[in-house]
Structures are given as structure tokens and as C-alpha cells.
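Encoded as C-alpha cells, the following chain is the form predicted on its own, with no partner shown.
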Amino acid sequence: MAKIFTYITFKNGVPDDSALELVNAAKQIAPDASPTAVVVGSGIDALCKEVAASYAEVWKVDNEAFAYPNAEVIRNVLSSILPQECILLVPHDTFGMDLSPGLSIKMDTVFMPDTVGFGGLEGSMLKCIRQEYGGAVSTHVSCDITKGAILNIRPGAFQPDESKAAAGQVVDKSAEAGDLSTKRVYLETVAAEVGDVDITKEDVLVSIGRGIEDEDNIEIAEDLAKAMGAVVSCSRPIVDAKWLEKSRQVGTSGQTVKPKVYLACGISGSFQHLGGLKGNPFVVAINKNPKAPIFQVADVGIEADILDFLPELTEAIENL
């Protein structure tokens, strides 16, 4: 079995939730797998120690050149330090989509994007599970991993490994980083505009999607949010229609939120939307389409038209 590595993404010195999810993704490939984490950044000693709580071994590549994650130079680093024919798991976020295709070419290995599960390993053939048409169809794709593989894993597709019992060691690979030159030049980070409400700090979100149908119907969600002591957020179609401001959008192109309770009202559940949902919240999905992908991740699923259901729920909560 090829050695399995995971690429750890982080922000402000804090590892992304995907760091723990990739542990279980590796174990689904091989139940006895003990993956090695790879952390590339600048001034990352404390970060690596935190990651080592969940990994038996952490490879650290520390250099000022990595103060901003540049996929072009990190591809060179990974192709220099990773052994041939290994399996690398990468979060399927915007950075992972930039990093992985070119890395697979440099390492002459197979690349599989947006993987949500694995169906078993037969010889050198690994069955990867993906979703098509907004999650309406699951596809099983067999990959020949004889020469290794770069597998992008959808954030949230695997439960995080919360055990943190590894007490692993940190191995400094900085001297093996190789060529750090790059044609890309980091200019600046543009912070998202702050709206009247910061949804990233809310414990309860009532989130609306296409199922709200009309801008005037948003009042229904606002009434429910008021009754619950919550805030209204939304998926991208609502922002594209200019019914709510961008600061209310949850998703990979919007805000990343970590509420305790998340009501997904009339939201289909695309991976772009779910990519903005972190922290393992209690998810309640309300949708009139019983095949909506959101039901696959929901703790409670309710098949109903939100225009009928939300007012009834609001009235029931107010009566309590």
C-alpha cells in the first residue's frame, strides 16, 4: 500500500477543519492507514504541534516565501519532498483546485477532484466516489494508483477525527524544499466587505436559497429568525438576484460560518455552499425536493415547501 500524506490548510495559524476530516478519508482508503501531514508556511511551529495531536508524523516546511500560500511554488516543494508513488489527500477548496492538477502532472500521477468517498481498493485500483449534477447522481470512478495519486477531498464529506490522541512528531523538511522561485507575485489580500450583520459570529442561522422564490418572501425567513434569536443568511442565488448583500452569503465564494444550528431553507446543498459550513453544526434541511443533496448532510430533513412550513414553524416557536 502506498504511503498516504495529507496537505494541511490553515488560516491565521489555525488548521482548517479539513485537517481532521482527511484523517478519516485516509482510513477509508486503508483502515490501518497512518497518514503523514504536510504543513507548508511561515512561522508554523505552534501550528505543526497542534496538527501533531492528530497525526503520528507531521512534515514541516517553513520559509518566509510561504507567508502567502502560492500554489505555483508549493507544487515545486511537494514534488521535491514527497516520495514517488505516494497518495496525497488535498482539500477540494479554491487553493486545492489551483494546486492539485499541476502537481499531478509534475509527479506523473493520477488526479481525482472533488472526491466524497471511497468504494474500496482492489489491487492497484482505488474506487473513488464523486457527485455530478449538483449531487443528484453519484459516480464511481476506478483509479489506477500504481504510480500514486493526488486526490482532492470535498470539505465536510468525511466526519472529523476528534480523538487527538496521536502525539506525533514533527519532522523539519525545510532544507529539502527545492526551488522557491515563482512567476506569481503576491500583491495584497482584499478583505470581504462587512455588512450590517456578521454571520460568521452567529450561533443560529436561518439560511435561504432558491426555494424562497421571491424577494418579498424573505420576510418569512426574517420572522422565523426573530422568533429563534437567529440571523438570516443565504446561498449564492439570493445574492446574485441582489435580494441580500454579499456579506450574508454562505459558501466557498461567500462567508465561512461555524454556527451551532443551521437551518437550510430551500437550499439544494451544492458543495460550493456546504464548503462554507464548518464546525459540525446541527443541520436542519427543509426542501420540497426529496432528492436534494442537502438531505445527505442534514441531521433532520423535512420534505416541505418552505413558503408553507416556515410560517407554521414561526408560529409554533412563538407559542412556546
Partner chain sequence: MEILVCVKRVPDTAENEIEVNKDGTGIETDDLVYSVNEWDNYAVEEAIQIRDKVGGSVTIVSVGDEESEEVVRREMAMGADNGLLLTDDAFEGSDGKGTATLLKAVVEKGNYDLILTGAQADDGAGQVGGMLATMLDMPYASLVNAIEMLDDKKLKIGREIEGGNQEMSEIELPCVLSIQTGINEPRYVGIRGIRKVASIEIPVYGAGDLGLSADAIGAAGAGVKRLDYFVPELGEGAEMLEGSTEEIVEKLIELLKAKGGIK
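For clarity, a rigid core is taken as the largest C-alpha set superposing within 1.5 Å between two forms. Positions refer to the first chain, counted from 1. No experiment lies behind these values; they were computed from the predicted model shown.
Here the subject shifts to the form predicted in complex with its partner chain, a form of this protein not shown in this document.
**Q** Check residue 164 for me: does it contact its partner chain in the model of the complex (non-hydrogen atoms, 4.5 angstroms)?
**A** No.
**Q** Report yes if any heavy atom of residue 93 sits within 4.5 Å of a heavy atom of its partner chain in the model of the complex; otherwise report no.
**A** Although its partner chain is absent here, residue 93 would touch it in the model of the complex, with heavy atoms inside 4.5 Å.
**Q** If we define contact as a non-hydrogen atom of the residue within 4.5 angstroms of the partner, is residue 72 a contact of its partner chain in the model of the complex?
**A** Contact with its partner chain, yes.
**Q** Does its partner chain get within 4.5 angstroms of any non-hydrogen atom of residue 252 in the model of the complex?
**A** Flag for residue 252 set to yes.
**Q** Pick from 284, 29, 52, 65: which has a non-hydrogen atom within 4.5 Å of its partner chain in the model of the complex?
**A** Looking at the other structure, the residue within range turns out to be 284.
**Q** Counting non-hydrogen atoms within 4.5 angstroms of its partner chain in the model of the complex, say which of 198, 219, 144, 245 makes the cut.
**A** Answer to the contact question: 144.
**Q** Considering only 99-127, what residues come within 4.5 Å of its partner chain in the model of the complex, judged by heavy atoms?
**A** Read in sequence order, the residues that approach its partner chain (within 4.5 Å, in the model of the complex) are 101, 102, 104, 105, 106, 108, 110, 111, 112, 113, 114, 127.
**Q** Does the C-alpha of residue 24 move 2 Å or more between the shown form and the other one once the rigid core is lined up?
**A** No, because once the rigid core is superposed, the C-alpha of residue 24 moves less than 2 Å between the shown form and the other one.
**Q** With both forms fitted on the core, give yes or no for whether the Cα of residue 292 moves by 2 angstroms or more between the shown form and the other one.
**A** Yes, the C-alpha position differs by at least 2 Å between the shown form and the other one.
**Q** For residue 211, is the C-alpha shift between the shown form and the other one 2 Å or more after core superposition?
**A** Yes; residue 211 is a residue whose C-alpha shifts (by 2 Å or more) between the shown form and the other one when the cores are overlaid.
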